[in-house]
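Here you get one chain, nothing else, as structure tokens; it is the form predicted on its own.
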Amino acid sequence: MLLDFQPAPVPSLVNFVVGRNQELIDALRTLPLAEQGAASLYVWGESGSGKTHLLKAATALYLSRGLNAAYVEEATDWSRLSAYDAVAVDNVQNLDEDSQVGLFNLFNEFRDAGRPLIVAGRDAPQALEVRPDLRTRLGWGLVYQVQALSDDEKSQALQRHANERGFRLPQEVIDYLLAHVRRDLPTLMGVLDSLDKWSLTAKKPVTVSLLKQLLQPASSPTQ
């Protein structure tokens, strides 16, 4: 029997757990209104910190405002992006030499036209292993590090995610997740989604006992 699982919420600036990142959120909202030559933003942080969520959320926001916006996460035809009003480029550290040249040219073009360009990477601009000229461009505009969430903020995020999916999440389940699972939010959300699906299949409530059963196969050594 196919179960009617609710899809994961679409990334937005509303469902991002802000924590200490309010200034970054405000900058993303107002970037299209920036003065000409000041419409670029570079965001960096460790894997799982929420950079991809923010870039997809900003792209969706700009589309809702009538801008022709695009999200890019891999090598592409950079010349075609010249037609867009706003572009968000993810994982800049993974771009090959040709793509770095393409992004460098796009950066210059968007800066001259005053169009929003958002780029995300793992490291601060000066620590990126990319072309020196591109590294310099990335540091020209606004630069923000995504600040990690506290345990309380992660707890709030998990509780809100559970509410959006329509199931009750006891605090003791959250506490166990934070103590026994990788602590980045995407991993925690993924385990929570799996727990929700398993509870529906087994027709059992979400409990610590059920979570332990879910985690047991991955943590037990092969006999």
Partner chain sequence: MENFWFACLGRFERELSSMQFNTLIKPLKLDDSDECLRIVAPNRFVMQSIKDKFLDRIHQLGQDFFSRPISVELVLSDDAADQELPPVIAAPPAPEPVASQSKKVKPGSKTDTSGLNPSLTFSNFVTGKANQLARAAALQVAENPGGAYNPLFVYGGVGLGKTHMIQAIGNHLRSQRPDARISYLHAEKYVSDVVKAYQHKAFDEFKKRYHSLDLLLIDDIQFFAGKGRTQEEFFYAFESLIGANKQIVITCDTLPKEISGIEDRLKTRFSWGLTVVVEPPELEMRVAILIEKANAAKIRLEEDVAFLIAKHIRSSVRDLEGALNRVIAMANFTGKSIDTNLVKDALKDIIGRVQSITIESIQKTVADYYKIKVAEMYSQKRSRNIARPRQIAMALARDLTNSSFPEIGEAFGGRDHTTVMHACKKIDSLKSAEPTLVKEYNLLLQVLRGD
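Residue numbers count along the first chain shown, from 1. Being a predicted model, the structure only gives us computed values, none of them experimental.
Not on display, but discussed next: the form predicted together with the partner chain.
Checking 165, 180, 197, 65 for any heavy atom within 4.5 Å of the partner chain in the model of the complex turns up a single hit: 180.
The contact with the partner chain in the model of the complex, taken as any heavy atom within 4.5 Å, belongs to 144 out of 84, 78, 144, 71.
Across the proposed site, 22, 131 and 184 without exception bring a heavy atom within 4.5 Å of the partner chain in the model of the complex. The partner chain in the model of the complex is not approached by residue 193, whose heavy atoms all lie more than 4.5 angstroms from it. The partner chain in the model of the complex comes within 4.5 Å of a heavy atom belonging to residue 151. By the criterion of a heavy atom within 4.5 Å, residue 139 is counted among the residues contacting the partner chain in the model of the complex. The partner chain is not shown here, and in the model of the complex it never comes within 4.5 Å of any heavy atom of residue 110. Contact residues in stretch 87-101 (any heavy atom within 4.5 Å of the partner chain, taken in the model of the complex) are limited to 101.
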